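Below you'll find only one chain, the form predicted on its own, shown as C-alpha cells.
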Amino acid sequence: MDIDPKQWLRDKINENFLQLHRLDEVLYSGRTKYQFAQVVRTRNFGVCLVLDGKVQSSEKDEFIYHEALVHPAMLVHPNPEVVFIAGGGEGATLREVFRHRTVKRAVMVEIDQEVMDLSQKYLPELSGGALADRRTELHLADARKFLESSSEKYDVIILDLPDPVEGGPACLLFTREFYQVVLDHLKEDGIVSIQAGSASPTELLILGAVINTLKLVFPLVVPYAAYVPCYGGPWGLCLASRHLDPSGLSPEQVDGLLAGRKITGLRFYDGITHRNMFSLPKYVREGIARQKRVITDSNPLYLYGT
C-alpha cells in the first residue's frame, strides 16, 4: 500500500525554505537528553538520522560528507597518529579516519549516548565496526569541557558537529573561545577540519561566520565545499592550521598520497574531487568576503535565530 501523502519529513532550511523527504517508515522518534532525534526510512535516501529536524546522515550518500570532512586534513598531515573527533556519533567519521594506517589512537568525544545507540541499532554500517576498534578511545562528554580539562595535543582534530541550533548541544562549539581551545590542543604541524554549514547562495551565514571566527585564531584558514544531495545543496567545510594547506595539492599528488597510504574503496574522494572541492564558485568567495559576523561565547550564532 502506498504511504499516506502526508508522510513527509520537513527539513527546515530556513524560514522560507523547506526540503521534503518522502517517508516510507518512521523507525524511531523521541527526545534524547540533548536534542530531538528521529530515524526514518525515506524513499530517496534510505535510512536517515535526523536531529532537531535536520538530516545528519543518510545511508545513500553519507560517504560524500564523511570522506570530504576527513581525508583532506588527514592526507596533508605528514604522519597523523593521534586524532581527536568531536561529535560524529554515527561512527562514520571514525571509520574514515581509520583508513589511514598511520593512526595509532583516535579519541572520540560524543555528548549524546542515545544518538550513538540509535545509530548502532538502525545504521550500523556507518561505523563499519570502527567504534569497536582497539584504537578507539570513546568518551561520553562535552567536547569543549573535555579539551579544557586536558593537556594532550593532537595531530588532527575533526569537529563533526550539528549546526548551532538554539538550545542544541553544539552552540558553544562554533565560537572564537572554543577555537582557541582547539588550537591549543593541536601539535605544531596539526590541522583541524570543521563542518561549517551550507554553501548555497542564500545560506552563507554560518559558513561566513565560521571562517571569520577561525581567522581570529588560526594563521591559515581554507574553506572548501562538497555537494551533499540529502542536505539539499553544496556543503561548506573548513580546514585551519598554523601552516598546513592542502588546497594547492594537485590531483596527481592527492592520488599519490592515497596510494602511498594504501587507501582504497573510497566512493567520493580522489585527486580530481579534491581539486573541485577547493575551487569554490565566485558567489561563495564573494559572499564570504562580504561577511563580517564573528561568533563568540557572548554572541553565538543560531541557525534559526540570528
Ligand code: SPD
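Residue indices: 1-based, along the sequence shown. Everything quoted here is computed from the prediction, not taken from an experiment.
Not pictured, yet referred to below: the form predicted in complex with the ligand.
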Worksheet entry | Location of the ligand contact in the model of the complex, chosen stretch of 239-247, 51-59, 269-277, 28-36 [non-hydrogen atom, 4.5 Å] | 51-59
Fill in: Contact assignment for the ligand in the model of the complex, among Y224, F84, Y179, Y231, heavy atom within 4.5 Å
Y231
Worksheet, complete the sentence: Students should find that, of L161, L75, V107, L118, the residue having a non-hydrogen atom no more than 4.5 angstroms from the ligand in the model of the complex is L161
Worksheet item: Is there a heavy atom of E96 lying 4.5 Å or less from a heavy atom of the ligand in the model of the complex?
Response: no
Worksheet item: Should W235 be classed as touching the ligand in the model of the complex when contacts are defined as heavy atoms within 4.5 Å?
Response: yes
Discussion item. I'd like to check something about T175: if you look in the model of the complex, is any of its heavy atoms closer than or equal to 4.5 Å to a heavy atom of the ligand?
Written reply: no
Worksheet item: Do E90 and the ligand share at least one heavy atom pair within 4.5 Å in the model of the complex?
Response: yes
Practice prompt. Any residue of 179-198 with a heavy atom within 4.5 Å of the ligand in the model of the complex counts; write them all down in order.
Written response: Q195
